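The chain below stands alone and is given as structure tokens, in the form predicted alone.
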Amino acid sequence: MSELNKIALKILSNGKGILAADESTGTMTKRLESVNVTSSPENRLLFRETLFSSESMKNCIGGVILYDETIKQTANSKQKIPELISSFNAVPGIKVDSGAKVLAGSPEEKITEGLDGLRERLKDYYKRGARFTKWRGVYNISDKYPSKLSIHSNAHALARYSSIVQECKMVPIVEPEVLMDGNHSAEDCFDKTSAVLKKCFEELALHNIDLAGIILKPNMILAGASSDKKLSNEDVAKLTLKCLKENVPSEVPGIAFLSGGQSELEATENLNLINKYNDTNFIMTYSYGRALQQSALKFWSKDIKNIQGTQKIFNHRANMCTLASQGKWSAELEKK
């Protein structure tokens, strides 16, 4: 077992998942302002530290993806943020891309940038305690998209990123996200996600990536947000599993789904059913941002000093997601 594989399994095993707390300052500002909280470095830290020091960090959260601002902050407990996360036996991680920019040659689509200077940044993040990283490629769905150019360009960037990350002794999260925006059918989502995953793994093979030392962070197979052809949760689970079985090599230790605009309950229920039907050797768990944080954020915004109350809400959500990652969740448990 390689060192990278050990890290990946530590993050994903025993029903644990990933807390995606890597919102950029701009995104975090929008989230806080949506609940009428001023977005200052102190308030951003206070909310995140509230989550990072909650009880569920011990049993539910195997890894936390941080943003550049956060990994350099010191908690009110005087611990550095990566030390605080490590104290719960969770693994600190870091978002390392610099965002999705307009793709030259296909201006309706995006290419993720951030390879310049990546090796140097990774060395700094490693010293600060990070042991895994995240890079997100985004793909639109429509009649014309994603184009071959988008599929090839983003796969190549994800592979180059993964190669540099593994060289720096960290586990890359490979996140090719086929977006929910649009009125496409689930069948369209299945076909386009399959094409995206196939090309990603071709590029990862070309770049000699140790697949046992990565975590895949894909979208579930869903109809578009504005489609009137919504699938049942059972069909979402079955189509998602079929797509992954057909396109993900067996060496990959685990798959941590993004929530991608689903509500907290949808993301939990779909993950639970995926695990009920899971007949693969892949660990299937979560890497959620909003679907772990939204209720806690709304509660916290009413009184940002009510740390325990906020943690109680977060602990419940994390516990539900961890049950779902073991196929043990039920709607009745939400009421307890």
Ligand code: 13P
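For every residue, the number given is its place in the sequence shown, counted from 1. Everything numeric here is computed off the predicted structure, so don't read it as measured data.
This protein has a second form, the form predicted together with this ligand, left out of what is shown; the following refers to that one.
Asker: Contact between Ser287 and this ligand in the predicted bound form at 4.5 Å, heavy atoms?
Answerer: Output for Ser287 is yes: heavy atoms within 4.5 Å of this ligand.
Asker: Can you check whether Arg136 is within 4.5 Å of this ligand in the predicted bound form, heavy atom basis?
Answerer: Close contact exists here: in the predicted bound form, Arg136 approaches this ligand to within 4.5 Å, heavy atoms only.
Asker: According to a 4.5 angstroms non-hydrogen atom cut-off, is Asn219 in contact with this ligand in the predicted bound form?
Answerer: Answer no; every heavy atom of Asn219 is more than 4.5 Å from this ligand in the predicted bound form.
Asker: Taking heavy atoms and a 4.5 Å cut-off, does Gly224 contact this ligand in the predicted bound form?
Answerer: No, Gly224 sits far enough from this ligand in the predicted bound form that none of its heavy atoms falls within 4.5 Å.
Asker: Could you tell me which stretch in 98-106, 254-262, 182-190, 227-235 has residues with non-hydrogen atoms within 4.5 Å of this ligand in the predicted bound form?
Answerer: Careful reading of the contacts points to 254-262.
Asker: Can you list, in sequence order, the residues from 19-40 that come within 4.5 Å of this ligand in the predicted bound form, counting heavy atoms only?
Answerer: Counting only heavy atoms within 4.5 Å of this ligand in the predicted bound form, the contacting residues of 19-40 are Ala20, Asp22.
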